[in-house]
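This document starts with one chain, in the form predicted on its own, laid out as structure tokens.
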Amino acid sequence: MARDLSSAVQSRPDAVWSAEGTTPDAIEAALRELVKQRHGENGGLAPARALNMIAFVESRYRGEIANRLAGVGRYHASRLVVLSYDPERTRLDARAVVSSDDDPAEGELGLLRERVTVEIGKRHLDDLVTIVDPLVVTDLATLLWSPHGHPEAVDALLELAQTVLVDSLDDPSWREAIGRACELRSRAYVVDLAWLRSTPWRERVAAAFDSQAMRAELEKVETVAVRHHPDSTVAAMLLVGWLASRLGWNVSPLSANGGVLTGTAGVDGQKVAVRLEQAPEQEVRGLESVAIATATGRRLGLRRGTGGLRARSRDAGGHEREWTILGASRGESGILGEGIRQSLLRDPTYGPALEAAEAMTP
């Protein structure tokens, strides 16, 4: 039977609270009251309880970050705490919002999401834990994200978080980015957006060598060459680090010559020539191409193209084929959403790849 649209349940407006010159305890009490209010309006609504997320953002970019978070789809955090930082601010102001995607009908269930924005200044930096601690749901995993840097804030808030979300491409020094990721990883689980962007590349390389016959070729790899955006050296280092860690290669610091990094890797007499080269013509950050060659004459090439990755392979007999892997890119909203999702998972390949990248750093 077709549903009577005239009786369809409509979404209720968000429940909102705001205050100037407030306190963390008052904000927490307001959140509890808003949840109670929405549940009283519809008993089928209950607060989502999967993940806390703390975002330390510069106030001038707060709208941009809000738009990015709005685009993550079903990967919204259950409770999002945004610390909006303006060094000149002296008063603690806050706004809390409790919302749901829809208003469930009788007998159905719906989830409430909670968002609180706390406006802070330089004078509050020494009290970040005191401010945030009452605002995160106890016993839930907590993800910490500071998209504009501010390592001092991250260090202060780490005691409240189990996972840190970083983007190694945002650091102006790729060497420092790798070092910082390694340091954070000694204190929490790290999800790196630079790593997640390379997922389609790693998946295609793995798929190319997945068959029993092709796995033997991994012991005969002679060269690995990666071209990348000038700001994406970290992404190239992590890709080669992934290959090295998965294949058990010994690595050593690469040599730097302008925009080119070169060196060798390998194990048990296998020598692999490694070359990472900047692609200044590339307009977007990330990898431009990956090429792998083996001693038997096999070649695998992946290149960024319109609509996806352009793949090209050649077998030992010299036969070539070329095709497009459609939809390889998920866009920045998809990458951020995947980063939030990964905070509840554990990727066993990132850590070893990061360690290998650090070992290759000149």
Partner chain sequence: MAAVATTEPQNPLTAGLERLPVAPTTLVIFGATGDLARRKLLPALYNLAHDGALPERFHLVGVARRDKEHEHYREECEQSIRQFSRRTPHEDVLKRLLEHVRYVPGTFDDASVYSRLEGVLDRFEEHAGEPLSRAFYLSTAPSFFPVIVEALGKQGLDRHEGAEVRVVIEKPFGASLAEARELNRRVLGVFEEHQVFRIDHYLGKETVQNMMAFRFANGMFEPLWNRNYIDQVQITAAEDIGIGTRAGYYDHAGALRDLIQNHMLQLLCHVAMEPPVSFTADEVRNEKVKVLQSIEEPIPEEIPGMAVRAQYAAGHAGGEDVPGYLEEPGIPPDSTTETFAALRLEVDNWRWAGVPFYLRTGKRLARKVTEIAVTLKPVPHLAFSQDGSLGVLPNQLILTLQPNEGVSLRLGAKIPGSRMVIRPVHMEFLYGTAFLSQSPEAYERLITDAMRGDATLFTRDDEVEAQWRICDPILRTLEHTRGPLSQYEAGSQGPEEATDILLPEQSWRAI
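C-alpha atoms forming the largest set that superposes within 1.5 Å between two forms make up the rigid core. Given the structure is predicted, the values throughout are model-derived calculations rather than measurements. Residue numbers count along the first chain shown, from 1.
This protein has a second form, the form predicted in complex with the partner chain, left out of what is shown; the following refers to that one.
Inset, instruction - Decide whether residue 174 counts as a contact residue for the partner chain in the model of the complex under a heavy atom distance cut-off of 4.5 Å. - result: Residue-level check for residue 174: no, no contact with the partner chain.
Legend entry - residue 345, heavy atom within 4.5 angstroms of the partner chain in the model of the complex: Taking the distances in the model of the complex, the answer for residue 345 is yes, it comes within 4.5 Å of the partner chain.
Inset, instruction - Would you please decide whether residue 49 lies within 4.5 angstroms of the partner chain in the model of the complex, comparing each non-hydrogen atom pair? - result: Yes, residue 49 lies within 4.5 Å of the partner chain in the model of the complex.
Inset, instruction - Please check if residue 307 has a heavy atom lying within 4.5 Å of any heavy atom of the partner chain in the model of the complex. - result: Residue 307 belongs to the contact set for the partner chain.
Legend entry - One stretch from 283 to 291, 85 to 93, 270 to 278, 243 to 251 that, in the model of the complex, holds residues within 4.5 Å of the partner chain by heavy atom: Careful reading of the contacts points to 243 to 251.
Legend entry - 136, 208, 158, 256 - the one with a heavy atom within 4.5 Å of the partner chain in the model of the complex: Contact with the partner chain in the model of the complex is made by 208 alone.
Inset, instruction - Output the sequence-ordered list of residues from 104 to 126 with at least one heavy atom within 4.5 Å of the partner chain in the model of the complex. - result: Heavy-atom contacts within 4.5 Å come from 107, 108, 109, 111.
Inset, instruction - For residue 301, state whether the C-alpha moves by 2 Å or more between this form and the one not shown after rigid core superposition. - result: No; residue 301 is a residue whose C-alpha shifts by less than 2 Å between this form and the one not shown when the cores are overlaid.
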